[in-house]
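What follows are structure tokens for two forms of the same protein chain, given separately as structure 1 and structure 2.
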Structure 1
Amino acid sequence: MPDLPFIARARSFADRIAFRTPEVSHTYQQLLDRSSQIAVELLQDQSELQEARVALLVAPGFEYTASQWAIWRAGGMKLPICLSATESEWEYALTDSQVGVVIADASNAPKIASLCQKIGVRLVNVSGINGNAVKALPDIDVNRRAMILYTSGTTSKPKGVVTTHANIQAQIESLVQAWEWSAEDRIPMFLPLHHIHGIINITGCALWSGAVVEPFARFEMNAILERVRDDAYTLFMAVPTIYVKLIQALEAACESDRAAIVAGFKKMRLMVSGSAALPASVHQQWTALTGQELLERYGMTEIGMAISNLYRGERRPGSVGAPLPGVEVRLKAENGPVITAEDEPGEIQVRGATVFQAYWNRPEATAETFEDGWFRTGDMAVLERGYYRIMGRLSVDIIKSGGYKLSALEIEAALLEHPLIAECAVIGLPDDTWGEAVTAAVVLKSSTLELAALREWCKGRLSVYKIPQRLKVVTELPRNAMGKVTKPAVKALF
């Protein structure tokens, strides 16, 4: 049986740079050699891992990906865990997925050592693996299970999303085709590598294409902007919060610095925003500052990316675009029928090779989330002039008030145009009269804001039933590791 496809492709890029930092660069051949070395250590006296779960607690970069490839080449299932999670969060993920081995680097191994000892899990310090051990690695079929990613768990305990090698390959190939990746591309990687955005959209696509990845431990703005100034990148992918921070930094910079950095952004061939809704106002501000039209897309842990604005075509603010290559999308009304007309809201359902296999050890949850082979995303959208516009999660972003279904995201986009509002989150709270009352939590740029003044400002901008009925001014909005506002936590503020 031939190599897994990502290994075969890496061999064709053997002498090219895969990872580059200010201190050192590593080629694809070094990545192959190092992953083989780590795989041998994982196998010990076994011929293959037989889909045993191996957790990964390694800083982003060469060693992370070498460890990931090692797990796959040895026949294991990768479980990436958050570097900054609490011990109880680690314990839940490790015990729920029945992990047998944890791979950690020198800085993270001491942090998880006591937990590994407590639950009887083998800890491998990747920083200590050396030597030239040689062992034939097993042949792995692409239809075998490759990875478990845990969902955020906002409504229940996090569920493990199981994807096969074939799923991962389909997710990567769809984006490589749609966004025209090539071996000449160069991209920074500063997003967490326990989320699909960093694993698939950035690192996966880059290494599939023979491109160069520059890893950062976190979003280190000054260092990243220096590299942008140096024309280091052809692509850039971030979450909306990061674009907001970049706008603030550019506006605060002196004219010469701003001009040099903006010139670097202008030369990039593609800039993408995802993992949360991009407010149209941020989209427009970024274009005005840099000349770049951000490409917004839609996806989730269970399906990879499903919908995207066009690389060569319209990038419409407030919309996520059209289905990606190899992905089928439909809208389904709450009362059952499939929606075929535009301007009628329904739940996004997705089908195709990119869709995950199952939730780990949760057959009932898996069955509930599929309908006739279509994955039910739980997100509401409407099709407008050929592009999908996300209305929000059925559970937290769709507000049922006075008989209307209101999109919290649409109301948030309008409120962000208020001169005093820096950030906002809109939710529905129980109300005897309306069913749910439109409620806004806002972070102000300065001064104060009263509900009456906000409601007056909203007139003519929002339909009367979309105008907030309650208001709370906060110093910051609760966010998860990806910078996404967590609506259940917002509700707790009231």
Structure 2
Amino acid sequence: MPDLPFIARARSFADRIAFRTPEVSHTYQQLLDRSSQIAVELLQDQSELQEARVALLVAPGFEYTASQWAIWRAGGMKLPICLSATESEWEYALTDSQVGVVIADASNAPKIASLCQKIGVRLVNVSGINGNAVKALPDIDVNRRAMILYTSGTTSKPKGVVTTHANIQAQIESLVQAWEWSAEDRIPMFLPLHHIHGIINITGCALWSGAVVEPFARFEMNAILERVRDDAYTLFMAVPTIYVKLIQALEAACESDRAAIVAGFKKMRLMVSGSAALPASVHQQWTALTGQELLERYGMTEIGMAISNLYRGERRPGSVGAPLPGVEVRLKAENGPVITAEDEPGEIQVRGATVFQAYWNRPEATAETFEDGWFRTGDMAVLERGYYRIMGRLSVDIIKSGGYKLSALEIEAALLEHPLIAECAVIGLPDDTWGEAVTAAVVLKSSTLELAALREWCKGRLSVYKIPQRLKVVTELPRNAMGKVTKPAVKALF
């Protein structure tokens, strides 16, 4: 059987640079060699991992991707976990997915060692792997399951989204074609590598194309802007919050700095925004500042990217564009017909090779989310002059903040552990920087509660982006005649 396609492609780019940092560059050949070295360590005396789950807690860059490729070459399923998650969030993902091994780098291994011991999982410190053992790696079919990504939804706990190598390939090929990726491209990578924006759209497409990735540990604005000034990049992909922060930084910069940075942005061949709604005003401000027309696209963990403005064609502020190559999109009225006319809102449903297989170990949730073979996104949209415009979500319990999808129910469950909180309702309120701000209305058992104290209490219990930004103490939560909390009425309290 031939190599997995991404390996075969990497061989054809062997001498090109895959990852570049100020300190060191690594070629595609080095990625191939390092991934085979790590794969041998993962396999030990097995001939292949047979879809065993291997979690990845490694900083973005060469070692992260070498580990990812190692898992895939050894026949395992990759489960990337959030570097800044709390221990209980890690424990949930590791136990729910029945992980057998965690790969961590030297700086992260100590943080997860006691958890691994507690739940009986093997911890591999990737920084310590330097063996020369050579072993034939197994043949892996593209229809084998490759990855689990945990995503929040309308249930309190996140669900594992399972994709095959073939799904991942379809997601990447669609974008490579639509946005004309080539081996001449150079892109910064500063998004977290436990979500598809960073994994598929940036790193996946770049390495499929033989391009150069410059990894950053996180969104390090000054370091990234220095490189933009140097004309280091042809492409740039980010969430709307980052464009808001960049606009603020450019407006605050002195004229000569601003001119130098803007010149770097101007030269890029494409700048993309996605993962959350890009306000038309931000789109227009960015064009006014840099001359670049942002390309907005729409996607989801379960389906990769589905809809995009055109690379060569109209980029309409406030719209997400037309279906990407290989992706079928329809709008469906709730319990009603498929919508064929323009200007009538409906739920976005998606079909095609890019669509995931199943939620890990949740057959009912998987079945519920498909309708006649179409994936139900839960997002409402309308078709206007050939382009889709997103109108919002069907569920009020899903919040998008800084590009992260959050479950209001998960945050409520955590807040109810607070000794003073008797009842609570969590909502997302519009926010200029974060898109939506996590907001809580609480009924107290006694005493008072200040936002600062609540935020302090949440640290270590919830990831930073899930911690409420706004708080209101109320005597009772608004409820309907059935006694159910009505979230629109909760929003009206603020």
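Structure 1's sequence is the ruler for residue numbers, which start at 1. Keep in mind it's a predicted model, so treat the numbers as computed, not measured. Rigid core (definition): largest C-alpha set, two forms, superposition within 1.5 Å.
Here the chain taken from the form predicted alone appears as structure 1, while structure 2 comes from elsewhere. Each of I81, S395, S97, E173 except one sits more than 12 positions from any hinge; the exception, lying at the hinge between rigid parts between structures 1 and 2, is S395. Here the chain moves as two rigid blocks between structures 1 and 2; the smaller block's rotation against the larger, from C-alpha superpositions, is 141°. The two forms, fitted on their core, place the C-alpha of I427 6.8 Å apart, compared between structures 1 and 2.
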